[in-house]
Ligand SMILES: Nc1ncnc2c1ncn2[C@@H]1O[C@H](COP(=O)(O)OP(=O)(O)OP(=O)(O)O)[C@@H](O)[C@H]1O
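Take a look at this single chain, the form predicted on its own, given in C-alpha cells.
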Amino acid sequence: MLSVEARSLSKSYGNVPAVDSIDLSVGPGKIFGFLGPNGAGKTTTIKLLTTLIPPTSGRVSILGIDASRDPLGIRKKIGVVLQQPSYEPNLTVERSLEKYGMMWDVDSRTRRERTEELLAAFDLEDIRKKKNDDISIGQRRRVQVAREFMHDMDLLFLDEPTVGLDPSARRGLLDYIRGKVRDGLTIFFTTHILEEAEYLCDEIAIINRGRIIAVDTPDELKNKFGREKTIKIRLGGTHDISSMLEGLASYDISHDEGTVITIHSADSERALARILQVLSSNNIGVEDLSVVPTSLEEIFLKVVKDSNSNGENHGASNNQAGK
C-alpha cells in the first residue's frame, strides 16, 4: 500500500493554477523530498495531501484512505508540521509537549516517557521550564517539530522543518528523522537546503509553476542532469599557457595567471586528456588535480532554469512522481 497517492491533482485560485495536474506515488518507509523555488506549489500540495484544503480536481489517497471520503480518518494517522510558526506562548516547553500528547489521547505514562525522550533528542532539556514566548525562534521551531512526535503516526509531512535552526540542531533533527524512518515512518519533506535533501531523501521530486518537472533518487538525478563536472589542474609553477589552450576552444576552459586551469564540461574526461597531453608536450608539470562532481543544488538550479526557459518536462513522463 502506498503512503501517498495523487492522480491529476490540481488546485486553482480563480484562473491561477497553484498545483497543475500532478501525480504522486510515495512508498512506505521512505523519505520523499519535495523541492521547488518559492511559489512553486510545495505548501499548497502539502495542504491538499493533508486534507487542509480541497482540490479543484483530481484525487488523493493517503495510507489507502480516500481523502474525499474520509479526511478525518487520514488526519488520525498522519503528522503535519507546516512552515508557519505554531506555539503556545504562555506554556513551558515541557508542558507544550505534554499538552500535545493529551490532544492525541496519549496515556499519561507514555506522555511522560515521550516528553523526556524528545526533550533529550531535540536538546531542549535546559529550557524545559521556559515559556515558549521566552525562547529563541530556532528553539520554538525545535519544539514545534518535537511535539509532533508525541503521538503515533504512519506518515509525517514536514514543510521546511529546519528553518531557523543552527547547523548542529539541523543535523540532530535530520538524524532523528532518519531513525524514525528506520522504525517504519514515512516522511514527506520539503526544504530549501539542497544539502539536506541529498543527505536525507530516498527520492526527490522537483516542482515548478505547479508542475512536477523531475523525479528520481538523488544519485539518478545527478546521472541524468549532472553530467557536467569541474576539473581543476594546478600547475607546477607559473606558465604562459594561453596559446597552448587555443586549440581547445570547444571546451569551457579558464586559467588563473598561468597556475590553475579550470575545465567545465559534460565531456570533462576527454577535455582533461587533451589538456594533459598539451602540458606534457610542453614539459609543464602538474602539481595537483581535482574533480568536483555536480552538486544536487546545481542540478536543481539547472532543471528549474530549463523548465522556465522551454517548458519541457524533464524526467517526469506524464507529470508523474514517485513511480
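Please read these numbers as outputs of a predicted model, since none were measured by experiment. From 1 onward, residues are counted along the sequence shown.
Missing here is the form predicted in complex with the named molecule; even so, the following discussion is about that form.
Quiz item: Can you pick the stretch from 294 to 302, 280 to 288, 34 to 42, 63 to 71 whose heavy atoms fall within 4.5 Å of the named molecule in the model of the complex?
Solution: Contact criterion met by 34 to 42 only.
Quiz item: Pick from 178, 192, 171, 77: which residue has any heavy atom within 4.5 angstroms of the named molecule in the model of the complex?
Solution: Result of the distance check: 192.
Self-check item: Heavy atom within 4.5 Å of the named molecule in the model of the complex - the one residue of 196, 148, 160, 94 that qualifies
Solution: That would be 160.
Quiz item: Is there a heavy atom of residue 230 lying 4.5 Å or less from a heavy atom of the named molecule in the model of the complex?
Solution: Residue-level check for residue 230: no, no contact with the named molecule.
Exercise. Consider residue 83 of the chain shown here, and say whether it contacts the named molecule in the model of the complex, taking contact as heavy atoms within 4.5 Å.
Key: Contact check for residue 83: yes, within 4.5 Å of the named molecule in the model of the complex.
Practice problem: Taking the named molecule as it sits in the model of the complex, which residues of 5 to 29 have a non-hydrogen atom within 4.5 Å of it? Please list them. | Solution: Read in sequence order, the residues that approach the named molecule (within 4.5 Å, in the model of the complex) are 13, 18.
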